[in-house]
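Same chain, two versions here, written out as structure tokens and called structure 1 and structure 2.
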Structure 1
């Protein structure tokens, strides 16, 4: 088992920025890579926003801890430089198989032999990518949840070719960045999290689309009856409307109806959820 000291995150969008920030917040040097200067500028803004979120959610943390995190983050548009000394690369680029395969093909040529590669893909199986990594033994999925500093679970899932020691290295590393690791014994589309939450969110949407109840009332019943803080529509606002639109739009006929409803009533009106300030609820 090797020790992770330097981490590189590929893709600095919603999840990539959170993974990079969370890792740096816990004391690691992190390199963040994206495709161009515009994307890097957007990443810097996301990181600044995360300083505010961490300060609000960890009021007991030492003064300046969130701000100091920014000093451990470096930004790159050159892939070879970004991964030059990385022990672990976590990839969070768009959920498009061709983009991921192309990136791993380039990555395999420039990363040191020691580097472990991990994909944060939500729906693609790592076995669909492994042959493009040049190192299937050192490749696995590390699946983080949105708002990772609060929803701090990471699902650790290899392929049949992933070395057991690589799984162990990642299981040992995760708590060092404040995450609770959970090993999945064999490949499963959706891991544990989405295997449970996708049918749950769909059932909630069906109740509303079919006219049985209002979103806030569905949430109220779920919260009170189960003693939990969030209902399904609060979860959907956190996830953002694009993901359920894509997931349900690529399922069956009823799923496409739900996707159209999300598009007409929310996406087309700019109501993307928490990130845009309005979804099923409004946010300050």
Structure 2
């Protein structure tokens, strides 16, 4: 079993930034990669925002720990430089199969032989990507929940070709970055988390898209009746609009109608959710 010391995160959107920050917060050197300087600048702003979130949610942490995390983060737009000495690469790019396959094709040519590849795909199976990695034995899925410093579970799922030692390495690594690992015994689209949550979020969207209720009222019913802190549209704002747009846009006809509705009413208007300050709700 190998030891993970250096981590690279590919994609610095909402969840990619959280994965990078959480890993660095727990003492690891992290390289963050994205496609251009504009994306990197947005990543720096997300990381700065996470400093504020971590300080608020971990008041017992030593003074300066959240701020010091920024010193363990490096940023790259050059893929080869980003992964030059990585023990583990965690990919968190958009949930579009073609984008992921293209990235892994390029990654396989520049990453060291030692490097483990992990996809954070929400609904795509790692077996749909493994043949593009150049190392199916060292490839698996690590699926994180949003707001990972609070909802700190990570689902670990290999393919039939993933080496058992690679799964063991990732199961051992996860607690070192404050995560609770859960092994998925065989491939399942959506893992445990999204097998449960995607139909739930889709049902909520259908209620609104089909004109039955307003988002705030759907959330109110769910929160009060189940005694939970978040309704589905609050969850969607946390996740961000691009993920449900991609997930439902690649499903059935009804799913594509939902995706089009999200795009027209939210994405095209810059209402991307919590990260942009407005989605189904407005945030300070």
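Between two forms, the rigid core is the largest collection of C-alphas that superpose within 1.5 Å. Being a predicted model, the structure only gives us computed values, none of them experimental. Numbering follows the first chain given and starts at 1.
Trainee: Which structure would you label as the form predicted in complex with ligand NAD, 1 or 2?
Mentor: Looking at both copies of the chain, structure 1 is the one that matches the description.
Trainee: Once the core is superposed between the two structures, does residue 228 show a C-alpha displacement of at least 2 Å?
Mentor: Comparing forms between the two structures, the residue 228 CA shifts at least 2 Å.
Trainee: With both forms fitted on the core, give yes or no for whether the Cα of residue 11 moves by 2 angstroms or more between the two structures.
Mentor: Not so; residue 11 is displaced by less than 2 Å.
Trainee: Give the rotation angle, in whole degrees, of the smaller rigid part relative to the larger one between the two structures, based on C-alpha superpositions.
Mentor: The angle the smaller part turns through between the two structures is 16 degrees.
Trainee: Using a rigid core fit, what is the CA shift at residue 254 between the two structures, in angstrom?
Mentor: Here residue 254 registers a C-alpha shift of 6.4 Å.
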